[in-house]
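First, one chain by itself in structure tokens, the form predicted on its own.
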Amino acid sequence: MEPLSWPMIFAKMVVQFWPVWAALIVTVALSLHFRRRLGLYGKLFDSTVGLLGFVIVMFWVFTALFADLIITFDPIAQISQMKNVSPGTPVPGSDQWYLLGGDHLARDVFSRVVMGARRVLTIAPAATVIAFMVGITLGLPAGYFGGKLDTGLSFIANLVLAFPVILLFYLLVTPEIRQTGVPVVLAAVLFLFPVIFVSVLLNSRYFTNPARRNLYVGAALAVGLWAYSGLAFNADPTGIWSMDPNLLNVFVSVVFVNAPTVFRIVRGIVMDLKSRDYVAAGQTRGEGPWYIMLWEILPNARGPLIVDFCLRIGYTTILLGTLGFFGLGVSPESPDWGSTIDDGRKLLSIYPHPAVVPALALMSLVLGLNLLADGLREESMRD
């Protein structure tokens, strides 16, 4: 077979991404049709910037979901004749091409970039969600009650924030730190907060209905502690909840670095909102403090928090890419974008494609998240 020209390479990549295009069309069409019923999410489609960011982000989300259908080769498989080949080179004994060329280990760059999206979008959003649960669970009472509780928690948050982020991240994910047991201790503390958050949320909501409260809180505790035992201590006998030690290091580091910033944002918002009339009305009705914090104040803080959530995923994506670039990612053969860039940079002046393609992918995802956050900020200010 003949090598492909660039127009043919782009045409074949467009065809490979057909599940993504189909999912995007359906998602955008349904969202536009029902946007007046979808609250802040629906209003996002009134913003050109927000819509563009949404499309870019969802492109990568659907790429991660359908990665197995999109890739043309196993992302870690090596074909000896394909080392550092140019984009569009045909694979001997096959009817396929290395669409974006091969890297220094003769792996398909296109398949590695596609599968790298799954790796990045598995870690970054999940870790950011847990960081938000930690920050919200501690930030709400700190801002609402103030006093010594606020002073103590703020001191701890400021202590963590005083370290340079990259240095702190580097220290937390080095292989040597795993031997000290620090990641497991941090996981034991941080992974407990989602269980506490969901349990307190349901308890405060259904406090006046003991039967439903006990059912919901009991179910949340059962599932939460089951997941907690597997993720933090690898003690789930079913194996459903488990985490590789390298992944645990990275995951815990992301949560630990992000949680103090989320705490400070939530604390500041609560200190501003706790003097509002609807809070006083809730106190007059005899509502408990956790009900007021979680069901009165928190919903009214959703705009800034959603915007920060999008920005924080982008920030985390860059951090993960940086870790991979320094060889401290999930695993050496992992197709995550940072590791792929690091692999390609060694021959950048001779064969630029193994490093440039994942760098462009990382840039586009972060750009999409920033545009999405800008659109959400615009619409939340009008809300």
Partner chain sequence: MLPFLLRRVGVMVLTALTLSFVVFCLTNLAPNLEKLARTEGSVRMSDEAVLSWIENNGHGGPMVMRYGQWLGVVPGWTRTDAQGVTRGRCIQGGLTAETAPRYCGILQGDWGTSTVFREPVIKTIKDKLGATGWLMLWVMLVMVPVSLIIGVLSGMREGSRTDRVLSTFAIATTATPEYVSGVILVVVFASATTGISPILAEWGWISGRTLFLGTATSAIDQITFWNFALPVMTIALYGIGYIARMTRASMTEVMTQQYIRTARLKGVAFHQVILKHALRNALIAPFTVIMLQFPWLLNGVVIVETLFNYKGFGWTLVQAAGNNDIQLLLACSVVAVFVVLLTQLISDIGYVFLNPRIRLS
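Numbering follows the first chain given and starts at 1. No experiment lies behind these values; they were computed from the predicted model shown.
The same protein also has a form predicted in complex with the partner chain, omitted here; what follows describes it.
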| property | result |
| --- | --- |
| Ala355: touches the partner chain in the model of the complex, heavy atom cutoff 4.5 angstroms | yes |
| Interface membership of His33, the partner chain in the model of the complex, 4.5 Å heavy atom rule | no |
| 4.5 Å heavy atom contact, Val20 to the partner chain in the model of the complex | no |
| Contact flag, Val28 vs the partner chain in the model of the complex, heavy atom cut 4.5 Å | no |
| Heavy atom of each of Leu69, Arg118 and Ala131 within 4.5 Å of the partner chain in the model of the complex | no |
| Stretch in contact in the model of the complex with the partner chain, which is absent here, among 175-183, 109-117, 188-196, 231-239 (heavy atoms within 4.5 Å) | 175-183 |
| Sequence-ordered list of residues in 350-373 near the partner chain in the model of the complex, where near means a heavy atom within 4.5 Å | Ile350, Pro352, Ala355, Val356, Ala359, Leu360, Leu362, Met363, Val366, Leu367, Asn370, Leu371 |
